[in-house]
Ligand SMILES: C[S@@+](CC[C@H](N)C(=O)[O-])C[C@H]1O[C@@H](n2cnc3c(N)ncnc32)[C@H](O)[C@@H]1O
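Below, in structure tokens: the form predicted on its own, a single chain.
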Amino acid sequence: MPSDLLEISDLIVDYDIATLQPRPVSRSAVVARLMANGQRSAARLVQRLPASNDTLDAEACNLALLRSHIELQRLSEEFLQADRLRCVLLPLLQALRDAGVKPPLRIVDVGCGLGYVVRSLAAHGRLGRDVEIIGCDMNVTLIENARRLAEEESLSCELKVANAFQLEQPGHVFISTGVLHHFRGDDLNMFFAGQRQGHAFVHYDIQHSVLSPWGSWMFHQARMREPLARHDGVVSARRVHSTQTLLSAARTETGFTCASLDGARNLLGAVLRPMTATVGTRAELWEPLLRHLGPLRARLGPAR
């Protein structure tokens, strides 16, 4: 089995990065790629997806992704992901205010999916009236459902079908949850390069550990029912980047001061803290951030 496994969700939909328009995807091409990568069970899952003249049915694929993201929301809820972000965003926003950054302070969630974190922060984050929360994703189906949920909850947040790095009003703080491992090599560098315009970022992903794939497998077997979610959830844990890889890419592409938060120092740490964050700010904001972090400062790794 290759070390760099593929996730089905990355293969069954495709978008033009400039226009955000969906592009047709060949089912046989996806199946062949998975087979060549030694992922036979994943290839069988894709082979069962409906297609017309070998082109995957976009609606069926989007519905499978929607069901998977509904189950992923459960993961975010159980891991208190919005609370984790809020604990970092509150001192970070205060550092921006102290530095005289003009409001509104825009937080942009990159690849927000169903917008769980955006909606939760809007409902319970208590981030301040000078803060705008924006969720961006290229999948229309996910954003339409995220908007519906936000409207039902009467939440003050924006959910856009958009490239998070090409907004008319650029973000001050970029955030994400479970997105980093989708980017490899040059794509990871481009992901961070898009954030040079901002002032800071906080990106959470699965803890890099030998235990992570086993924990992910047990959780997904117990809690997930959607085959795509079960497959990709376990593969995600095997694809996560090391702290060194993330900090190197982030520092090189943004020039920000960066550090990991809640990085596991041993196997027990990996069990107790299944998620870790890559945090970065412009150089002049780092010391103010440290002052406002309080006890959370002890959970930061060395700055780079």
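Numbers for residues come from their place in the sequence shown, where the first is 1. Note that this is a predicted model, so its numbers are computed, not measured.
Unshown form predicted together with the named molecule; subsequent notes refer to it.
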Within 4.5 Å of the named molecule in the model of the complex, do we find a heavy atom from each of G113, L142 and H182?
-> yes
Tell me, which of L93, A146, I107, A164 has a heavy atom within 4.5 angstroms of the named molecule in the model of the complex?
-> A164
One residue of I134, M138, V202, L228 in contact with the named molecule, assessed in the model of the complex (non-hydrogen atom, 4.5 angstroms) = M138
Would S212 count as a contact of the named molecule in the model of the complex, using a 4.5 angstroms cut-off between non-hydrogen atoms?
-> no
Applying a 4.5 Å heavy atom distance criterion, does S76 contact the named molecule in the model of the complex?
-> yes
Would A122 show up as a contact with the named molecule in the model of the complex if we use heavy atoms at 4.5 Å?
-> no
Does the 4.5 Å heavy atom contact test between G194 and the named molecule in the model of the complex come out positive?
-> no
In terms of non-hydrogen atoms within 4.5 angstroms, which of the given stretches 241-249, 49-57, 275-283, 65-73 touches the named molecule in the model of the complex?
-> 65-73
